[in-house]
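This document starts with one chain, in the form predicted alone, laid out as structure tokens.
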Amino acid sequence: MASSYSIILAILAAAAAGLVGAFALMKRTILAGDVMSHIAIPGLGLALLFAWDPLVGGGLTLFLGILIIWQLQKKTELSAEAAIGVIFASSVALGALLIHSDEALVDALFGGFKNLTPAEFAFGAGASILIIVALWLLRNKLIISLFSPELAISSGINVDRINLWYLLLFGLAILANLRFLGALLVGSLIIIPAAVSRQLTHSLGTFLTTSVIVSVLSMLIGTFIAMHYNLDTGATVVVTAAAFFVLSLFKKKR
């Protein structure tokens, strides 16, 4: 595929990550983005071992991990953070055992998989659009379940099911950005734009929109700088997002 298709996919994936991050911040699970991305590492190792597409392997373990996290939340007293932490620690250790090549390890952690194919573009673009549309449709139920689970239940909202949908969309956003940022950095594009938006905005609508805009700008500006100066794309995108956060700190609190 031409590079323009990679740019289109990067924009869509970044927009999805920014929106997911905004809801994660409201759920007070913003750091889960960094942790959950590491669940893909064993799948990347299996993909290298059996010569699969890295995104297929990463997606398998990522979504298996999400289902385990969901079940742990339902059947134990563990919080979301504790459940994610258990799976995270196991995933990192297993991934380290499976990935033996230094070059492959760098690709898995920081991005840089092979050139984009038409099928991969179609999957990535479709997944990103699905995330954006689904979160828009679920936004009211998500917001109610975030701030008052009791009210959500009394209103007939299945909170467990909403949590599962959100975790799946969260995982899909990680997977969509995995090729650009790698397992180590992909969570940053979920965490940082939402934090920037929280600093700059005071209403829900502008908060969600600003998070998406900052995420997309970070991806575009970071990619341009990386290409121009021959730098690592993933790291440059994250540093760009971090620069936006530093700038947001200069905004005076009302």
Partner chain sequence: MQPALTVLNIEVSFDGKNVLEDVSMELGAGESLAVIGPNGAGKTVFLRALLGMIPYRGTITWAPKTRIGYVPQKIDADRHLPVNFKNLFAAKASILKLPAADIEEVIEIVGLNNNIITTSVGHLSGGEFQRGLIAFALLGKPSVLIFDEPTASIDVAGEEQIYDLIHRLQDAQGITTIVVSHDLSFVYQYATKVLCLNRAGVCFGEPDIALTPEALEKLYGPHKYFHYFNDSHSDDHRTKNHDIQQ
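Please read all numbers here as calculations on a predicted model, not as lab measurements. Positions refer to the first chain, counted from 1.
Not pictured, yet referred to below: the form predicted together with the partner chain.
The chain is drawn here without the partner chain; in the model of the complex, the stretch among 201-209, 221-229, 51-59, 37-45 whose residues come within 4.5 Å of it by any heavy atom is 201-209. Among Thr117, Asn140, Asn158, Gln71, the residue placing a heavy atom within 4.5 Å of the partner chain in the model of the complex is Asn140. Using a 4.5 angstroms limit between non-hydrogen atoms, Met26 touches the partner chain in the model of the complex. In the model of the complex, at least one heavy atom of Phe147 sits within 4.5 Å of the partner chain.
Taking the partner from the other structure, the partner chain in the model of the complex has no heavy atom within 4.5 Å of any heavy atom of Ile129. Though the partner is left out of this view, Ile153 does reach within 4.5 Å of the partner chain in the model of the complex, counting heavy atoms only.
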